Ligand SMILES: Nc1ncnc2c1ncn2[C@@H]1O[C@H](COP(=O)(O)OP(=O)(O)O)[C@@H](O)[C@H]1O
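One chain follows as structure tokens, the form predicted on its own.
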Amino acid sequence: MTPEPPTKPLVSLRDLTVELGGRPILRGVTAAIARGGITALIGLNGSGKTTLLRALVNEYPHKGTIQFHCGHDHSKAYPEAIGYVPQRLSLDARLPLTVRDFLALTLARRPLFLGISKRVREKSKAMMERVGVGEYLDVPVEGLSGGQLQRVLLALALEPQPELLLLDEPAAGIDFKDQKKFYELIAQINRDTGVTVLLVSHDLNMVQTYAHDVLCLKGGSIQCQGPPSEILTPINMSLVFGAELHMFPHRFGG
């Protein structure tokens, strides 16, 4: 059974509104993201889920209030680090980068053509082992599967240790049989580090299993929020997705 999340928020949203190209995307969103918990953001495509994540990292201008309660005394106005894993990453296949090279581009203090220092090599190895793919350090990035690439991006998002981890459909492009392993990894990182996780997902079975809290968006507005047991009901899902929706248990490994 999924443990109960802490009740104090890490992030408070009040009347958050975002317009892009003169079109409203988020409309007066008021919600709280529980500290130390996993909050799943669900809704139809175009409902504003990715926009909400990007507003949290100041990529989009907004009206309303985004208030962080960070640090040990919850008084800091902004976290020291926010980790972000996009839904997909476009890489130029003509660039002959290994995973180690790719990580070094972020970690190194000197140009890649001067070589990778021992410090960066050791750091890269530790980062990859943390997400369970240490053996892929010398694999070309273009040769990675969707699931392997997502783990590399997750490793980057966890360095330095963030207070808030944003995941935009983290299982997109991952083979069905590996999705459960990826969500289990996220849950384990949450338990081990206490990082607050806000993730976008269309897989309601995974949300039901791993999330502490569910936030439903429809047309850029909050439709409902609460624990999965209260939110993932046929009536609520019909309101959010506009049609009768059924959830079926997955059968993994066979």
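When you see a residue number, it is the position in the sequence shown, counting from 1. None of the values given here were measured: they were computed from a predicted structure.
Unshown form predicted together with the named molecule; subsequent notes refer to it.
Asks: Give a yes or no on whether every one of 98, 121 and 136 sits within 4.5 angstroms of the named molecule in the model of the complex by heavy atom.
Replies: No, because 98, 121 and 136 lack any heavy atom that approaches the named molecule to within 4.5 Å in the model of the complex.
Asks: Give me the residue from 209, 223, 51, 190 that has a heavy atom within 4.5 Å of the named molecule in the model of the complex.
Replies: Of 209, 223, 51, 190, the residue with a heavy atom within 4.5 Å of the named molecule in the model of the complex is 51.
Asks: Considering the named molecule in the model of the complex, find the one stretch among 42 to 50, 181 to 189, 224 to 232, 27 to 35 with heavy atoms no farther than 4.5 Å from it.
Replies: Contact criterion met by 42 to 50 only.
Asks: Contact with the named molecule in the model of the complex for residue 68, defined as at least one heavy atom pair within 4.5 Å: yes or no?
Replies: Looking in the model of the complex, residue contacts with the named molecule do not include residue 68, since no heavy atom lies within 4.5 Å.
Asks: Is residue 21 near the named molecule? Define near as a heavy atom within 4.5 Å, in the model of the complex.
Replies: Judged by the heavy-atom cut-off of 4.5 Å, residue 21 is in contact with the named molecule in the model of the complex.
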